[in-house]
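Coming up is one lone chain in structure tokens, specifically the form predicted on its own.
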Amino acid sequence: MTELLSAKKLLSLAALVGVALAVFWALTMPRFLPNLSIFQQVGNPVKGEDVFNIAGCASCHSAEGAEAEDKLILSGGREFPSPFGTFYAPNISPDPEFGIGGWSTYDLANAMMYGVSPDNKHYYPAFPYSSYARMNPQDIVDLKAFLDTLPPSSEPSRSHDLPFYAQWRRPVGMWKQFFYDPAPVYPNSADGLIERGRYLVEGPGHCSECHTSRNPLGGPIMSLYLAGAPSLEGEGYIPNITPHEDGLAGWTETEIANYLNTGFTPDFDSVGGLMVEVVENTALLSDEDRRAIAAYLKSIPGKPDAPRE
């Protein structure tokens, strides 16, 4: 009788484990965008270049130290240290073997908006798809058209340097269940300029990826949205860019827009650190888009600095 009860307990335990694994597998399954007709259209590479600049593609995917035209060679290789290991930006040049030359626009849209590769694997959220998820599909169509005009590179993508527990990508699907949300952070604005700025900051500009603190699982703490964060470089602090006295309360919209163009603060200090390349990108935007970003940043709720540790 005792042996029979033990066997029943083992069977019950095995059934519970099986159910748990099935639930985990379902919750972590990669999901894809609907294959909309827009992804079959030919994009506008001129508009795509604007998307390329605000999205900061070259800042991550060009070679370390690349300048001028070399920044358009998206060979990858830059390293991004994190508490979870070191990530390396991949080759996203139009090379068909080593880059993404063989990808369709639909493949790119799934990568950017859902964080899923063409071979049905999750991308790590070091790739800011949780922000790109808020993009307009037309912008991705245009971006693909521009990327296809760039020089191919045969540099192989470098494998990430991660601890053993982080090398299995399937659990990233659970991370998405908790932290992936394509909804606007703040409600759409009736003011056209602010609404354009909201789109640029929350979506392709992915400002929150650096300026918002993260929890131990690497998820953004949305109650501290844009209120500053420890530097991704390991030292220092990424500043608060909300209109609080700890942030941009003392800056006018014109001063913010000028900073995004010239890199000079209202007190004539100059941009430094990771923000140098960001300003190089925003300087390529139109005056209207820089004003839109400034208008949005001045319109959102002001928040005190997030904790620095």
Partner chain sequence: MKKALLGTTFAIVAALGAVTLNAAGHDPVEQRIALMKANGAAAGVLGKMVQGENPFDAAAALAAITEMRDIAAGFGDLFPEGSETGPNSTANSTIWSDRAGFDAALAKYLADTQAAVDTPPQSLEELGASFGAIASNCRACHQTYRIPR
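Being a predicted model, the structure only gives us computed values, none of them experimental. Numbering follows the first chain given and starts at 1.
Absent from the display: the form predicted together with its partner chain. The rest refers to it.
| request: Examine L224 and determine whether its closest non-hydrogen atom to its partner chain in the predicted bound form is within 4.5 angstroms. | output: Looking in the predicted bound form, residue contacts with its partner chain do not include L224, since no heavy atom lies within 4.5 Å.
Note to self: Is D70 near its partner chain? Define near as a heavy atom within 4.5 Å, in the predicted bound form.
What the structure shows: Judged by the heavy-atom cut-off of 4.5 Å, D70 is well away from its partner chain in the predicted bound form.
### Task
Give a yes/no on whether P137 approaches its partner chain to within 4.5 Å in the predicted bound form, heavy atoms considered.
P137: no contact with its partner chain in the predicted bound form.
Is there a heavy atom of P182 no more than 4.5 Å from a heavy atom of its partner chain in the predicted bound form? Contact check for P182: no, nothing within 4.5 Å of its partner chain in the predicted bound form.
Item to check | Selected contact from D119, E235, D161, E97, since only one has a non-hydrogen atom within 4.5 angstroms of its partner chain in the predicted bound form | outcome: Looking at D119, E235, D161, E97 one by one, just E235 meets the 4.5 Å heavy-atom criterion.
- Consider the chain as shown here, without its partner, and state which of V276, M29, A249, L36 has a heavy atom within 4.5 Å of its partner chain in the predicted bound form. For this set of options, the contacting one is V276.
Q: Tell me, please, which stretch of 167-175, 139-147, 235-243, 88-96 lies within 4.5 angstroms of its partner chain in the predicted bound form when heavy atoms are compared?
A: Looking at the other structure, the answer is 235-243.
Residues of stretch 88-103 in contact with its partner chain in the predicted bound form (4.5 Å, non-hydrogen atom)
Contacts from 88-103: none.
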